[in-house]
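Read the single chain below, which is given as structure tokens and is the form predicted alone.
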């Protein structure tokens, strides 16, 4: 039986925590529904109704409701209470609130998109230790993969090739296929060479890789020329049911771009790697801006379709959603399913052999290589895995927005995703998700609503919150890094690394602690910052 010290408070039991968790969830859910339901607001006294209609109050109520998920994760309550609160919040209350205020569902989808992006970048930065400032380029690859085919842009592309491609489609496609086979076999043969490769072999590998890329380009061009005969049939894009196929194709396309970007740069590290990934990320954006035949340039692509699931639309209609809301309702649940898959993949990778190899490379590349870890191959897997998560969410983003342009994938977006990872905690899956939620809520909900709430005060521009959103956001990040540099929900490894100098007893083994209690003087000597030097005539051992 554990003794209770005089004056100490009794610990709260798990049943009590479960009850408190449910009570807080019920109160915050009721406040959210009342603040979003216009009929319920009209029935309230005018003072209460006007208070809840205030944009800042409504944003704070939504933030408090979303905090239920954090409480359910962090509190030591019963599992059934956590599942009840999490399930009802995600699958009932949030869609219900989004029915009367579409911005609630839109915010939830944005949080999910950025959570997936952060989980992908967490693999590259948090686990493998590769600072990537061009990560948003993979997001753009996924978005344009579906944006081109899911809109009338594919019809314009086919019409262009129909008018300018001639009749050499079969020849180009066959030549590209032959080149792909030859170069692929060459790469396979070169890759089997054991030991250190001579310069000639390395040059042959690069030449074969370039030939493979050229072959794929010719093959795709030939297929497009052949398909251009039916350009009129693609005036409105491909069948929306191909949306599911393009989720997989976007994963493959983004992962391939990740490998292509990673191959020439992974011998670099630190600041040099950050600068070159930043440049390559900008290259993707500039290509999207300049290849107007395919991407429509700076004018962007619109409208972009989405999958249509009849039974899901019927369910949304039965729940009171309008036809204009069907797409958001559908994409919300698609995002939840993809996030669940990505979290499961992250957990498996973190505990796998490749996950431990990433951490070893992050801590010490030389030691990892000495232990037999192939550096380039392991880093390429990290780049490809992180890129694939961004690619699949690019498809969701294009389907939700209905419009994409190069301005949607600027450098600031990469910096924003990186700030989510650092703010939540490098290497921590729940921390990264929390960081994405916090930054997204600040940027989309809290700070804009603060500007709206103070709009009627006629403040001068120098102190108007509506004009100082970036300043407020930056100040929050600076304060966070000063007072909690390890992140909001850091991993155990990150917490120990950031605070290893704060308390020397944190790293003691149980045997060391017992030894220190039995002999405090010896313990103090072992853990003192420095040990006094011996006298010149003092003997090093034996009896004095």
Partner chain sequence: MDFATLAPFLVGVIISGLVLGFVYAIIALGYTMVYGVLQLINFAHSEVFVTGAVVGFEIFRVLADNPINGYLKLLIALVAAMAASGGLNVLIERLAYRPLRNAPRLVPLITAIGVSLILQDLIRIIEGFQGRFDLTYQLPQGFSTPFCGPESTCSGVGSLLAKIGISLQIKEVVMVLVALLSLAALNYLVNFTKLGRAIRAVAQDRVTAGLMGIDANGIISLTFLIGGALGGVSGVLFGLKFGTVNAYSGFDPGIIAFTAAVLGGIGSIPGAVLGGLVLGVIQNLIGVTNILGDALGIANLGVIDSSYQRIGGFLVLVLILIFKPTGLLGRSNVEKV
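Residue numbers count along the first chain shown, from 1. Nothing here was measured: the structure is a model prediction, and the numbers come from that model.
Just so it is clear, the following notes concern the form predicted in complex with the partner chain, a form of the same protein that is not shown.
Note on the interface: of 468-476, 345-353, 320-328, 307-315, the segment with non-hydrogen atoms within 4.5 angstroms of the partner chain in the predicted bound form is 468-476. Although the partner is absent here, residue 99 sits far enough away that none of its heavy atoms falls within 4.5 Å of the partner chain in the predicted bound form. In the predicted bound form, no heavy atom of residue 119 sits within 4.5 Å of the partner chain.
The closest heavy atom approach of residue 278 to the partner chain in the predicted bound form falls within 4.5 Å.
Using a 4.5 angstroms threshold between heavy atoms, residue 69 stays clear of the partner chain in the predicted bound form.
Annotated contacts: 415, 463 and 485 all touch the partner chain in the predicted bound form [non-hydrogen atom within 4.5 angstroms]. A heavy atom within 4.5 Å of the partner chain in the predicted bound form is found for exactly one of 148, 111, 225, 426: 426. Screening 290, 168, 241, 299 for any heavy atom within 4.5 Å of the partner chain in the predicted bound form leaves a single hit, 290. Contacts between stretch 133-147 and the partner chain, counted in the predicted bound form as any heavy atom lying within 4.5 Å, involve 133 alone.
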